[in-house]
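Single chain ahead, written as structure tokens, the form predicted alone.
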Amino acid sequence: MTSTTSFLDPRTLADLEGLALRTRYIIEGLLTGTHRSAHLGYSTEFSQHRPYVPGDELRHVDWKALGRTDRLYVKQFHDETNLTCTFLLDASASMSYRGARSPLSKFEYASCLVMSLAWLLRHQGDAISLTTFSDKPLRILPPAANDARLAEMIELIESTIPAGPSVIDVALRTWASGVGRRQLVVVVSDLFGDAGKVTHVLGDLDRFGHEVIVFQLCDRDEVEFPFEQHTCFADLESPESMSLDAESWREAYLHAFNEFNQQIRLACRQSSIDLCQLITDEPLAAALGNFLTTRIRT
């Protein structure tokens, strides 16, 4: 039997035509490999905390709150059984990058990820929504709990060409200002921008009451900086470019890149935000496996 990994390998996905076919291939491989019903999210909507008392069910203890306060608190819930999930998909120009070792661009990889998770959520009865953004929200599909929304999401994504500057803090804050009800928010982006502003807006989403998951996408070139000799680097989000001796700049670049990622990780940990960094030449199993493991219904 074909392994799950082969179904989720970006090289295999790159050979398939169209996002719908890629999504179907991923789902078939995932469900074949796991032999389970893939349920995501939370079964009820969180309302407030109260102190733990002996006899409370341990599954309702907020372990993240314990880590922050050294005190046991229990989550109280409303009676709602389904969730609303909004995908915030970065469509800025930097997401179009595809290095020599990556079969998919960051945006193509992100699209496969979003649609696979959307399919799983929809087929457990939850409402799904999609907003693309660059320096502002670009195109918005409001929440809907029907299968037609999946087709509409695919159509929107396939008609999107990554362009424009990424100003993630402004875009996400603008989106949040128009949303009232608490949601599960899945941010899919390379997170490029001012680290302080990026981490602050992610914290804002948490403070607004949303449950936040961040998938940070990187190309292998961005992680390892494999360039040699003099190389011309063009900014995808502006007319600027520069030529430099790549080897002599590698150490400084990697230091800055790793420092940026450390700031993101620290801020997400402090705000109890789940962060998963993905490299676009790696199988999607890592992304989907992490999501399913942390979001299984109890």
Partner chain sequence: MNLLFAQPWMLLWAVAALIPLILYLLRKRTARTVQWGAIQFLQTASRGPAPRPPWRRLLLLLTRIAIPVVVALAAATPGCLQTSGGAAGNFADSVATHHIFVFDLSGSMGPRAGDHGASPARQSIEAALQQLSAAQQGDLFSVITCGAAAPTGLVVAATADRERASNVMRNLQAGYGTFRTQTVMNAVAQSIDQTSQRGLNVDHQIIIYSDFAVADWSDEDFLSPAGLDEITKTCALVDRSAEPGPNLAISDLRTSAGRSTVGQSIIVEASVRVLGQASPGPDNTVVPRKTNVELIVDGVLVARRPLNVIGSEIGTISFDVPVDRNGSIPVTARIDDSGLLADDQRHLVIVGQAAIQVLVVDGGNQSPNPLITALSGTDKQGSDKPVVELATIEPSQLATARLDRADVITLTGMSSIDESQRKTLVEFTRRGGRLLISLGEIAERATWQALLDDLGAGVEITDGIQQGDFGFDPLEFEHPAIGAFRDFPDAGLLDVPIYRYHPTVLTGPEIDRILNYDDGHAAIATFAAGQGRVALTTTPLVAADPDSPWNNLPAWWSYVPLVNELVFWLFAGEDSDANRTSLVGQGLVVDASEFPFSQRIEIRHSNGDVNFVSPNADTIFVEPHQVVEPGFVEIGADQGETAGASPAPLFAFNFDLQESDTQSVDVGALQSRLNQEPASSDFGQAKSIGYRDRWPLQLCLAMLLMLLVVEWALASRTVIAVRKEAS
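Just so we're clear, the structure is a prediction, and the values are computed from it rather than from any experiment. Residue numbers count along the first chain shown, from 1.
Another form exists, predicted together with its partner chain; not displayed. Remarks below refer to it.
In the predicted complex, its partner chain sits beyond 4.5 Å of every heavy atom of residue 155.
Its partner chain is not shown here, and in the predicted complex it never comes within 4.5 Å of any heavy atom of residue 208. The closest non-hydrogen atom of residue 70 lies beyond 4.5 Å of its partner chain in the predicted complex.
Taking non-hydrogen atoms only, residue 94 approaches its partner chain to within 4.5 angstroms in the predicted complex.
Contact with its partner chain in the predicted complex, judged as any non-hydrogen atom within 4.5 angstroms, is confined among 107 to 115, 216 to 224, 169 to 177, 131 to 139 to 216 to 224. Taken together, 181, 203 and 276 are entirely out of contact with its partner chain in the predicted complex: none brings a heavy atom within 4.5 Å. Contact annotation for 219 to 239: residues with any non-hydrogen atom within 4.5 angstroms of its partner chain in the predicted complex are 221, 222, 224, 225, 226, 227, 228, 229, 230, 231, 232, 233, 234, 235, 236, listed in sequence order.
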